[in-house]
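One chain follows as structure tokens, the form predicted alone.
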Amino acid sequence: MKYNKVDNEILERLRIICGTENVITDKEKLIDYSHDEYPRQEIKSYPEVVVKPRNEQEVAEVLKLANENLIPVTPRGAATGLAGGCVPVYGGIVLSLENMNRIIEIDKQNFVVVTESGVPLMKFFKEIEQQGLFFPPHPGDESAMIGGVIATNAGGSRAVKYGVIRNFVRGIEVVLPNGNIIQCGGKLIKNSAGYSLLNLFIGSEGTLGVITKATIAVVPPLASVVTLVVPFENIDSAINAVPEILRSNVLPMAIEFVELEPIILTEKLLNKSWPTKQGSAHLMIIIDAQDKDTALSFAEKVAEVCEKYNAMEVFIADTTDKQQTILEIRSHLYESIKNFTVEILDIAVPIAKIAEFVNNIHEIEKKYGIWLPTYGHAGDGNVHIHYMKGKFVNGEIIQLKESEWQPKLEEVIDKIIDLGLQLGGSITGEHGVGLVKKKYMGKMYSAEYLSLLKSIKNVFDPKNILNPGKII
């Protein structure tokens, strides 16, 4: 696709629309807008200009201008993504939503919050908690913005019981590539009037329209929470316990699995202690209930199931401090290995196939001599696999030479992707396709399916100006 450049006339019109202070052209400042958190920085690409609109009307004017002049626009939230989804591969305009950071309304009668899309999760969580409300999804990095987590249909650990972001989005305001503004949904719970454009925009990664506002469902706060850490001798025993936990009339908020090596590294990073070093694979299970007695009763049922599958012990954290330590270590697993991570995959497989999937990954690990630390969401089948340029030795990561890891990279990634698909999985469970996974879409979907996706893109964005180069 041949796009036009941002010339001085376009720059001046952008300054008129958004204000001079909200138009960035300085090369040093553009660096921050050239990438996301995807570890392979060779995908970095500079925009020609960054604009930071203050409201949906300014977003509309920017998109209208870009559409008329065939200039690519890359929407951007906090850039916490791991798939290159906000990398401006064709240059052009990065449209940053950071100035649109107001929580407009907390409607306690309808249990919804109306917010602009640039509101960070940490601000969102804090303000609704002050109003005695709770937002169940927790996609991970709390600096992520509401618009970004909707655009990627982010998930997180609590999806087992509460679902992903899609389950909590009641309505959105969207600016289309031609500058028109539409409303999808609202404060309603039910709506069967025609095709659901709302659900089409959720997870579309900014390729169909720019989300500027959202109406988000919230719930009353959790009354009581108990966290269990359960070590097992091997991954099979740990994962085989999960379906029976889900059949036990206890639906945990989260069921996470993690192997021991990343835990050891994260303990050192945070100077905090995980409850146990036994075994090789652990389940972290979070249970919520209407009171402490019920939560503990549920925890005992889960413990019985785990013991049936040869759990080595069951550690129950029933105080806030203990739970916070466990959650903090789990939340920082990636941070502890990030500097040695070359590639991170987030493949989803049926939950009964997790053990087979992880065991096969370890076979790949042995065959190629590459460390592939693996953990994820056992309750929903979402597995995170990291391709490392280091090896775990005696509690430390030892750097490998580039010649030891680089030549094997693409072959190993392809094998992992193929393995996930053979088990009935998806190439991405929560990070999105973005730029880096689109080459695998043809492995996952038929030509007819991909043709339909392209047709949808063409209906909304016939000039292909909005986040081009992503998904398809």
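The numbering used is simple: start at 1 and walk along the sequence shown. Small disclaimer: the values here were computed from a predicted structure and weren't measured.
Another form, the form predicted together with another copy of the chain, is not on view; read the next lines as being about it.
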Next on the checklist: At 4.5 Å between heavy atoms, only one of the stretches 84 to 92, 397 to 405, 315 to 323, 197 to 205 reaches another copy of the chain in the model of the complex; which one is it?
Outcome noted: 197 to 205
Next on the checklist: So in the model of the complex, is another copy of the chain close enough to Gly369 to count as touching (4.5 Å, heavy atoms)?
Outcome noted: no
Item to check | Contact of Lys338 with another copy of the chain in the model of the complex (heavy atom, 4.5 Å) | outcome: no
Next on the checklist: Under a 4.5 Å heavy atom criterion, is Ala193 part of the interface with another copy of the chain in the model of the complex?
Outcome noted: yes
Next on the checklist: Even though the partner isn't displayed, in the model of the complex is Ile16 close enough to another copy of the chain, meaning a heavy atom within 4.5 Å?
Outcome noted: no
Next on the checklist: Which residue, Val412, Leu419, Ala60, Val433, is the contact with another copy of the chain in the model of the complex, using a 4.5 Å heavy atom cutoff?
Outcome noted: Val433
Checklist outcome for this item: Picking from Ile103, Ala223, Leu296, Ile364, the single residue whose non-hydrogen atoms come within 4.5 angstroms of another copy of the chain in the model of the complex is Ala223
Next on the checklist: in the model of the complex, does every one of Pro72, Leu97 and Thr266 come within 4.5 Å of another copy of the chain, counting any heavy atom?
Outcome noted: no
Item to check | Residues within 4.5 Å of another copy of the chain in the model of the complex, restricted to 427 to 441 and counted by heavy atom | outcome: Ile427, Thr428, Gly429, Glu430, Gly432, Val433, Met441
